[in-house]
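A single chain, nothing else alongside it, follows as structure tokens in the form predicted alone.
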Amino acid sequence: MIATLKLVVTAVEDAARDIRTVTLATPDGGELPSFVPGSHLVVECEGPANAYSLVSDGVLPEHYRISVLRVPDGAGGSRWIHDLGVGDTVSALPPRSAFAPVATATKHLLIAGGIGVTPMLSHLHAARRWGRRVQLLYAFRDGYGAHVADVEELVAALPGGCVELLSDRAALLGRLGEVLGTQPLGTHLYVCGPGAMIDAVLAAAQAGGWPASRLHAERFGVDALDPGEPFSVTLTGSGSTVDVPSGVSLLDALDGAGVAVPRLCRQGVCGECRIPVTAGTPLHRDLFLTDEERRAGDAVMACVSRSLGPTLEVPL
């Protein structure tokens, strides 16, 4: 069981249009668990739980900071966050990351679109601490450039640090060919932003010969994932079979069949909906399992992950 953190809001500020930064601390002001760059904080938002990237420094932190884009037609989590005030309390799971920088990289190429800049902030804090070589491309619409001053200050402190602020996705994509083609050997690429932008960046990198092992993407959630191929899941406990259509999560399909599976974030981050797999090959799309756990293939996150083959078998 992962212990839940009880936190209090100590500051609220607008980072850009529709983007609010919330600072959280323990009620007694004590030290919080450290976190690696690229980490999320899974916040329980009075019903849904959402994962938000931490934008602060992860070493011996006395506070956590998250920046959240208000999504009017979302599930309600961002609206709840935007309504928080100083003194309010929230519950959250400890930070975890599936988007950490690779320590052996010769250079870190960060590409962010819109609110996708948030995980890059903790990358930049770590790069400054360890003297890493970083280049950042940051595209945002007019008025939606969150943390621009923070980014420029952090990059300015880096050896050979470079940041390019781009007016929109088209400008970003126009720079990709040259930027991807002029990186030193051993550079790792990290991209976060809208799904279409991530796909375009990864496709350009792959076309340019970048190995998959040096490409790292952070997607916002299940909505950013493709609908996937249909498959069926055999429940060995009951002997029944459940069909999982394209565009329907394994978790929702099990719900529809009356099989209750614990869940929290529904974004493949918190690990709450992990279920064991006894046959078949999972298509992992979560941010929770380690590389070793993925290779073992004996567990799946029902909220986002699917099956590589036509069937999956679980002991439910």
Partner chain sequence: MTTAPATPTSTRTSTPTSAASAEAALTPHQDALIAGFPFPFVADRYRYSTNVEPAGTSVPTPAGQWGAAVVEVDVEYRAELAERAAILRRDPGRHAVLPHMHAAAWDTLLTLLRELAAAHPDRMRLTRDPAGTGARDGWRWENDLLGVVQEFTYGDDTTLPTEPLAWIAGQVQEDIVLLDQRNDSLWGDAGVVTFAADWSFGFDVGMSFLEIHGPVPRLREMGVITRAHEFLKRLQPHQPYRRTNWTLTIGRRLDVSTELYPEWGPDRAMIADVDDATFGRLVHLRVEVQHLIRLPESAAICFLIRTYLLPLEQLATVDAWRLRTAAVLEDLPEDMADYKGIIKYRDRAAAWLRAAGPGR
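Positions refer to the first chain, counted from 1. Take the two forms, superpose them, and find the largest set of C-alpha atoms that agree within 1.5 Å; that set is the rigid core. Just so you know, these numbers come straight off a predicted model, no measurement behind them.
In what follows, reference is made to the form predicted together with the partner chain, a form of this protein that is not presented.
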Handout entry: Heavy atom within 4.5 Å of the partner chain in the model of the complex - the one residue of Val36, Val259, Leu283, Ile275 that qualifies
Key = Val36
Fill in the blank from the handout: Assert contact residue (the partner chain, in the model of the complex, non-hydrogen atom within 4.5 Å, options His82, Arg133, Arg169, Arg96) equals Arg96
Completion exercise
In contact with the partner chain in the model of the complex (heavy atoms, 4.5 Å), from 52-60, 243-251, 275-283, 66-74, is stretch 52-60
Practice task
Flag Glu46 as yes or no: does it have a non-hydrogen atom within 4.5 angstroms of any non-hydrogen atom of the partner chain in the model of the complex?
Solution key: no
Practice task
Give a yes/no on whether Leu185 approaches the partner chain to within 4.5 Å in the model of the complex, heavy atoms considered.
Solution key: no
Exercise for the section: Give a yes/no on whether Ala100 approaches the partner chain to within 4.5 Å in the model of the complex, heavy atoms considered. Expected result: yes
Practice task
Would you check, heavy atoms only and a 4.5 Å threshold, whether Arg129 touches the partner chain in the model of the complex?
Solution key: yes
Handout entry: Every residue of Glu31, Thr104 and Ser213 near the partner chain in the model of the complex, heavy atom within 4.5 Å
Key = yes
Practice task
Determine, after fitting the two forms on their core, whether Ala299 shows a C-alpha shift of 2 Å or more between this form and the one not shown.
Solution key: yes
Practice task
Explain in one word, closer or farther, how the Cα atoms of Arg294 and Pro94 are placed in the model of the complex relative to this form, where the distance changes by 3 Å or more.
Solution key: farther
Completion exercise
Quick read on Ala203 and Thr290 CA atoms in the model of the complex, 3 Å or more from the shown distance, and they're closer
